[in-house]
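As structure tokens, one chain now follows by itself in the form predicted on its own.
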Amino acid sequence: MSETPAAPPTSAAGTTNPASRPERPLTWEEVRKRNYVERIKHEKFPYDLAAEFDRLAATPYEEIPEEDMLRFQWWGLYHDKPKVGFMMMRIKLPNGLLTPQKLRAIGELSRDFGRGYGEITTRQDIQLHWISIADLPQIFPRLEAAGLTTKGGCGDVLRNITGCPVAGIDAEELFDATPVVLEAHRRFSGNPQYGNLPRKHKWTISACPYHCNAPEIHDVALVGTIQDGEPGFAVWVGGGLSTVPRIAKPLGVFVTLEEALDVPRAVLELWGNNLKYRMSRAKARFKFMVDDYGPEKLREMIENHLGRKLTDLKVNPQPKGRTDHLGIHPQKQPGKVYIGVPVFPGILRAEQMLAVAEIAEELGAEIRLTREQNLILTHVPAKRTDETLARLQQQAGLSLDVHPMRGHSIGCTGEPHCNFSVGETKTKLVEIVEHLEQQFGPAIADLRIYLDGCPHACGQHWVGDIGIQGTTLTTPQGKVEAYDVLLRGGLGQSAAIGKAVLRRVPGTELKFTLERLVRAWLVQRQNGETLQSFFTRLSDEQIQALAHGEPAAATA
């Protein structure tokens, strides 16, 4: 981004915003003195590290400078835990789109370099683990040959652009937003001009009537709508999770398909050039700029930057419900169906990837990945549906004949790979889901449990029906694994950030605590109210009583 210092923000009346710094404009020298990441980016642009891959691959791990280990993030590479030389590699897949050839390439890389498995992420990527820096000169050419990239997978950049996984094929969509997603990816992803943002930045673009792509929790969301007969987007800004979660706010504008990317581009440039948001990593995300200015002032700034007024949004679009796009569905294309299958808990073995690629290729099908870490086979000939289901189960171990909760519960990477995680994640999620499905069966078919091992919220625990975050509990015997339980959160028409109503529940007790809460909801709910509505109606004290098995206290 430009190195022009930004003036402090002003209100519509021209007075200095109280949230801004009243003193003189900041300088890049001050920023780099305060923020070591900004200094590292300045000393060597992270995308330029590609010229040194061969040298770094030949360098013993312990001799690679920590600054270059940080720059690897711009190439989708993070330290795995423990830090002994293995990396996580994040492969960017805009809108979660995969051809059979691309999935086969990923499966082969996983088999050859990543100990035979990969993870589907909530940003519709695939991550591989156990990647050795010494193998990068072999890995990157194979990715490029398959039309794949890790560039901009991590770091202070625009991350993978997400959307509805059945865009372009689902009969209910308002219109196909795929061309806008792909153009955004082409124009901005991995583009050095936007490779030095204050922090990571996330977009989602979709015309799904269910808002399956969670626009509420993105820095910028283009939300499909029809205004005066014309397809286009409402723009939402300032969403995000991590340690300071926010639900996105409407900017109040409608943009046509042709101008859809002008507003997100303006956001990148205005935010990226404001040095206030480079002084502290903890306050650098775009949501803090939205907090400081508000949507109205931000719209004014964007219009000034673009040199034109934007069209007012007449009706803010709302989702018609929620969906996971799993199961068998007819496509827009005559004679075709898509089949969404759970991938629980978001892990695919290399042989599964290779099997799905083979099945898809033979059918002339494609593959899509979902936010809730599942897989969709598209363009399946309807007359071959039963055959395809049988092959998915027999050759890839993927089946629709499982409890639905397995298809819409999320677990982050967590243990054993993530350096931030303080507890089990995917294994704990499996334990919880298996226990609850045995206890309640189809009564909880729509329940969503989102579990994270730390506050960073890669598993989106703030907005699950039940959110779970790993922590620790100090006992006389020492520290033990524990979890906070968050309730009242959710997406959609009742979008809200959850609250940690239960703190430091021992890991050994967690599934039983959740069983008591779910049972109380099923028994005591009124007029079929959702779990979110039920626990919103109750006080913290009532919920805590339920968690301890005191139902009388909960209805007092």
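One rule holds for the numbers: they count along the sequence shown, beginning at 1. Note that this is a predicted model, so its numbers are computed, not measured.
One more form of this protein should be noted, the form predicted in complex with a small molecule, which is absent from this view; the next part is about it.
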Ile347, Gln439 and Glu515 all contacting the small molecule in the predicted complex, non-hydrogen atom within 4.5 Å: no
Spot the stretch among 336-344, 250-258, 379-387, 267-275 with residues whose non-hydrogen atoms come within 4.5 Å of the small molecule in the predicted complex. 267-275
Although the partner isn't part of this model, could you tell me whether Ser110 comes within 4.5 Å of the small molecule in the predicted complex, counting any heavy atom of the residue? no
Within a 4.5 Å heavy atom cut-off, is Leu306 in contact with the small molecule in the predicted complex? yes
Even though the small molecule is not shown here, does Thr122 get within 4.5 Å of it in the predicted complex, heavy atoms only? yes
Is Val235 close enough to the small molecule in the predicted complex to count, meaning some heavy atom within 4.5 Å? no
Given that the small molecule is left out here, which of Arg115, Arg322, His456, Lys283 has a heavy atom within 4.5 Å of it in the predicted complex? His456
Given that the small molecule is left out here, which of Gln127, Ser206, Ser409, Asn95 has a heavy atom within 4.5 Å of it in the predicted complex? Gln127
